[in-house]
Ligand SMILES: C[S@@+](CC[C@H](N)C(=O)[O-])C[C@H]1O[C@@H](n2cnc3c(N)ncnc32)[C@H](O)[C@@H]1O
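In the form predicted alone, a lone chain appears below as structure tokens.
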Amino acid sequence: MCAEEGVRQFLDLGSGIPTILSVHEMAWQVDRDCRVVYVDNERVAVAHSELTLAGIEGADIIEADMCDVDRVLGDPVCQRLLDLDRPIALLATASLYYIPDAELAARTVDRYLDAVPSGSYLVLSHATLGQDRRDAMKLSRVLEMTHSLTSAATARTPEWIAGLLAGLELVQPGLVYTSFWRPESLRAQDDTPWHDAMLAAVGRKP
């Protein structure tokens, strides 16, 4: 979506292990000149990404804690590939809930948004407890998947997640469960643990 709106730079925070149709592959379907910087602090994820990105121009990875904003933005890879004077899409999808300190997570988002110019985007998804028991039960199954990782996931309230988007112009349909973000697409099946356990939104910095 961001590439279709003219953004040609992407900073993927907490990118994880590469999968089919990584960010650079999706962006390049719109424009091969898009540049992508991945950020992750897990050595295994970084090693996989380095292998995947070897020899590829326009995409690279930084091994760093996404919360260390100065380290990330000052890294030679970021300096080489991204122009902070031009709009950037900040991707914080399924990553902020690995930061157990809520204040640190919110401050991290604010600092990245402060560093990018008008016309930049925040692409966000975050685990939420929701307000009914069904959501909470399904979310517990999602969180069980994270126990083998370095940090377990932390679910937060819809109100807290909405606060991350304060001051941004929300792209329709706003902050909704991930399976509702693209109404024209198929909803996730009811038996998937992610269903109605993750909120997602895209906001544009005015």
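Residue numbers here begin at 1 and follow the sequence given. The term rigid core refers to the maximal set of C-alpha atoms that superpose within 1.5 Å between the two forms. Since we're looking at a predicted model, the values are computed, not measured.
Below: the form predicted together with the named molecule, not depicted.
Checked against the named molecule in the model of the complex, the candidates I61, I161, C34, M66 yield a single residue with a heavy atom inside 4.5 Å, and that residue is M66. N41 is the sole member of N41, T157, T178, T52 with a non-hydrogen atom lying within 4.5 angstroms of the named molecule in the model of the complex. Within 4.5 Å of any heavy atom of the named molecule in the model of the complex lies no heavy atom of T128.
In the model of the complex, the named molecule sits within 4.5 Å of a heavy atom belonging to S15. Remark: S120 does not count among the residues lining the named molecule in the model of the complex, judged by a heavy atom distance of 4.5 Å or less. Of the heavy atoms in A105, none are within 4.5 Å of the named molecule in the model of the complex. Although the named molecule is not shown here, in the model of the complex the stretch 86 to 104 places heavy atoms of T93, A94, S95, Y97, Y98, I99 within 4.5 Å of it, in sequence order. Relative to the superposed core, P18 undergoes a Cα shift of 2 Å or more between the shown form and the other one.
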